[in-house]
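Only one chain is given next, in structure tokens, and it is the form predicted alone.
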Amino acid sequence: MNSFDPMIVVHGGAGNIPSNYEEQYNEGVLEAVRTGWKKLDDTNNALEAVVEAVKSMEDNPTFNAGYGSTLTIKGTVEMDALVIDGSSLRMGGVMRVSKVKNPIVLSKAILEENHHVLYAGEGAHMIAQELGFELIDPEQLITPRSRDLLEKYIKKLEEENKNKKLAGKTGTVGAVAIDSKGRLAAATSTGGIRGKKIGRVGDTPIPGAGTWADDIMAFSATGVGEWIIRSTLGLRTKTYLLSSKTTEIALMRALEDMKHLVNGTAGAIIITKEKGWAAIHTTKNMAWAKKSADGELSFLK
């Protein structure tokens, strides 16, 4: 059996990261990749590692996931998450959850239960209780910054009567990893886009769109979910990967397709068995970090 070099890559969102927040994002993705790497080193299990890395970012108010999620137009929290074990194609995910501290941990429990793949809203809260999770008051997930950004967003809508992006929290958080046995895994979690309508679900929990893993690659995307879903970015990247020399070429071709098809931009991270890894974005910026036995890198270092 072949032995592979373990590696983990994380992202903390793509978009317009204000310069005064860059260090904060950098510290956050580095903390996440180090947390995931420790889990990978301890367990030699890619699935365990990506969940641990994403959980770290869900607990960090810098990011748009878990504590600090962006808010709906009504000022509420609705979070999505998905985790995939590439070696078995087992998946677990949630949509529109608001009473669980770490949606990615619940997603892993759903994967391990191995009954249904996706649960939404109150159904997700019910299965969480069945699996032993403590439900929380959704207010515990809302930061003052999230409220402030929503207020600015609504004021901008009122002034200009159109949806205009504001600087602030960006995208989604995610992680991809490979262990020494060659097992690949991907995990993604998000609070969604700021000011979304109640019930809106983005690309994160849609297999093959914002999250994918199989025996060839592990992939996690960040950006506007509608664009990522419409271009099926994850599986589009895999298609190009089969005919491209490198992961960078495959991912860039998929992102160029997105621009052509839906006039959209995004970012993504990918690890493959045979062609290495990549972290590429067509947005202004993307927070990411990578760690392996060779050392670590991040979008600022």
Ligand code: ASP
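Heads up: residue numbers just count along the shown sequence, starting at 1. This structure is a prediction, so every number in the text was calculated from the model and none was measured.
Absent from the display: the form predicted in complex with the named molecule. The rest refers to it.
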Q.
Whether residue 142 contacts the named molecule in the predicted bound form should be assessed with a 4.5 Å heavy atom distance threshold; does it?
A. no
Q. Taking 4.5 angstroms as the cut-off for heavy atoms, does residue 92 touch the named molecule in the predicted bound form?
A. no
Q: Mark residue 220 yes when one of its heavy atoms lies within 4.5 Å of a heavy atom of the named molecule in the predicted bound form, and no otherwise.
A: no
Q: Spell out, yes or no, whether the shortest heavy atom distance between residue 111 and the named molecule in the predicted bound form is within 4.5 Å.
A: no
Q | Heavy atom contact within 4.5 Å of the named molecule in the predicted bound form, the stretch among 98 to 106, 185 to 193, 127 to 135, 145 to 153 | A | 185 to 193
Q) Every residue in 172, 202 and 224 with a non-hydrogen atom within 4.5 Å of the named molecule in the predicted bound form? A) yes
Q: Just give me the residues of 62 to 98, first to last, that have a heavy atom within 4.5 Å of the named molecule in the predicted bound form.
A: 64
